[in-house]
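Just the one chain here, laid out as structure tokens, in the form predicted on its own.
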Amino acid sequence: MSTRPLTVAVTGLNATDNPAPGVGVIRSLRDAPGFRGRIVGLAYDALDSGLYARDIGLDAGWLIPYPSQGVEALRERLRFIHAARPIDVLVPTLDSELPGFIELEPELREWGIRMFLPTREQLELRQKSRLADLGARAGLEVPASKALSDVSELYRIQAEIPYPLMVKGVFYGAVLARSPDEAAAAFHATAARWGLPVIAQRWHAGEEYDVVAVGDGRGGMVGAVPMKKLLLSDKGKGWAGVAVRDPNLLEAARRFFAATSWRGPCELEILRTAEGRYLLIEVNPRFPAWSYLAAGAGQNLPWAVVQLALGDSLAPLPDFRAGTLFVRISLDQIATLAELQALTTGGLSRLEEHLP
């Protein structure tokens, strides 16, 4: 176990009604009894509200280039930040940024920055367009789905995938479409935002569950906490949920790790149908926004990932407490123009200097 103070950088600090996972990961680290050190926030926009959340105790905040700007821009920005505030562990939390960080992982390791991420091959395995292959490999049932590159296919798809169906983006987004015209509108909106292909997936009635879990990279499961959604936002995001003890959900996670040798955090989205079938509907390759529930339930998975990134020996994680709830809130963060100016011109190396 590392005993020196650490500096951990975390991405994904947008904390709106469709929050990124970074704030939950940071709160988990702050709650970990074994964590000693500083936390650096890496944001894509100076108005990402997680940068201004006083209660999470960010020691520094920096802007990084959007994934669309390419790996070279990310490399140079991280070089600048690491020189100003040396980073020991970096925890990416967004799907779209993972390919860049995976590509840079060997180089960042030479700099002294550790990560615990899936490989490029593992990342490809869980893509929505390959979900059927993954299900067959892991022995998990999945809904029928098809990757579409042309909107006209939605007018001929009913024989394979009847309406209503889900229209999903390659990275994010899911829209329930009840007709070809609704599906076409969702196709165009999704493709404009996330590109092609767009995924059509069969819709099933049932209860939605998510599992946040960490794989050891060798086919084993480090820990997992299943959650049942109790309240959804108007964007379909979980706004409240409860940790549940369902052996079928934990077994699904174990099968996923055994089949893929997944390395790092992930979220499995699972639907329990009215007939009692468990369908794997999506695998997200990072911590979810609700990951703080795992820490609150007694299983601090973000802290486990930091330890694994450092190569520390990891003690068996405690069992989680079923019945633990999370309820998300919206609130106003108070900041100053000095903070905003510092972020847009360089970075905040000491956030407390800019408190109102």
Partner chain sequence: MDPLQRLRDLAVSESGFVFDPYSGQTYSLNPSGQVALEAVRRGEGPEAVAEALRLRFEVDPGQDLARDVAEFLRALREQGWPAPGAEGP
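Treat the numbers as computed from the prediction; the structure is a model and nothing was measured. Positions refer to the first chain, counted from 1.
Unshown form predicted in complex with the partner chain; subsequent notes refer to it.
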Partner-proximal stretch of 223-231, 108-116, 165-173, 181-189 relative to the partner chain in the predicted bound form, 4.5 angstroms, heavy atom = 223-231
Residue among A144, A259, A84, V244 with a heavy atom within 4.5 Å of the partner chain in the predicted bound form | V244
Tell me, out of W239, F101, W203, Y209, which residue has a non-hydrogen atom within 4.5 angstroms of the partner chain in the predicted bound form.
-> Y209
Partner proximity in the predicted bound form: G311 to the partner chain, non-hydrogen atom cutoff 4.5 Å = no
Is there a non-hydrogen atom of G323 within 4.5 angstroms of a non-hydrogen atom of the partner chain in the predicted bound form?
-> yes
Touches the partner chain in the predicted bound form: R272 (any heavy atom, 4.5 Å) | yes
